[in-house]
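Encoded as structure tokens, the following chain is the form predicted alone, with no partner shown.
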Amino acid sequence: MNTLLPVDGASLTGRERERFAARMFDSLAPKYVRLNRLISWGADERWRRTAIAAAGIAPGDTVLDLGTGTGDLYIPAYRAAQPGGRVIGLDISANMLGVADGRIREAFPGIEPQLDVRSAEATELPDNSVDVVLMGWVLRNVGDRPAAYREILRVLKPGGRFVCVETSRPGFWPFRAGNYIYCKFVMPNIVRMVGGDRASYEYLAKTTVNFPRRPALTEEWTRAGFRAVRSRPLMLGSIALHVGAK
């Protein structure tokens, strides 16, 4: 039974897309960690390690994990920022943050995770207060990317870094065709297998296929005002890591 909005979520923008994504991820939260591992064939943990290495988090840094989900980036970021650092985790899904809270407390007994329900376009954090902003498979769910970029630039300290790992599409056509087949036919069945509904797997498949390829996203970041933007393909170009600076 479809428990989400009876619309094509991938066609939504702005607040409507945010509300759709929040409801979808609330419903997927209990099985999201398993879903990630299955969809990526277990490689998502390696890609997150690559993102953390690219972020260059130092002890004492303040890190914003924007779209923290179930805490997969929060945990290694917190470890890298110690001693003396802190990680702030924001997400539009309260249920995802609930899972993250439990996982973070298990990894670091005795800490009080800094988690809150907020969007990428409105973090409510002070200007120039963050050393690193992290995003892991979040940007394609943002309803207004230009607004999110403005917010990220606002909260970053001068010289601060924005690091994002996200879906992409290979440039070499045989790889691109394989990626399309996987997103269109294989991934929906994986989402179904873990209990996701039709709206969930259609949304995930469409946003994966329609998200800008690596060169286009690099240009988008540059136009938004990030400096020294660089990127690298992962998994034959079906995933991309982007790094930019304020």
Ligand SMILES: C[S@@+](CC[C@H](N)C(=O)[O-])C[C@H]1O[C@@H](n2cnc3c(N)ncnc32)[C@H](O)[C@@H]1O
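Note that this is a predicted model, so its numbers are computed, not measured. Position 1 is the first residue in the sequence shown; the rest follow in order.
Just so you know, the form predicted in complex with the named molecule exists too; it's not on screen, but the next bit is about it.
Within this chain, W137 lines the site of the named molecule in the predicted bound form, having a heavy atom no more than 4.5 Å away. Using a 4.5 angstroms threshold between heavy atoms, Y32 counts as touching the named molecule in the predicted bound form. Although the partner is absent here, D72 is a contact residue: one of its heavy atoms lies within 4.5 angstroms of the named molecule in the predicted bound form. Contact check for R86: every heavy atom lies farther than 4.5 Å from the named molecule in the predicted bound form. Residue-level contacts in the predicted bound form: of L115, L156, I104, I92, one residue has a heavy atom within 4.5 Å of the named molecule, and it is I92.
Of the residues given (I152, V130, C164, M96), M96 alone sits with a heavy atom within 4.5 Å of the named molecule in the predicted bound form. Partner proximity in the predicted bound form, defined as non-hydrogen atoms within 4.5 angstroms of the named molecule, places exactly one of 156-164, 76-84, 105-113, 119-127 at the interface: 119-127. Using a 4.5 angstroms heavy atom cutoff to the named molecule in the predicted bound form, none of S168, F226 and H242 count as contacting.
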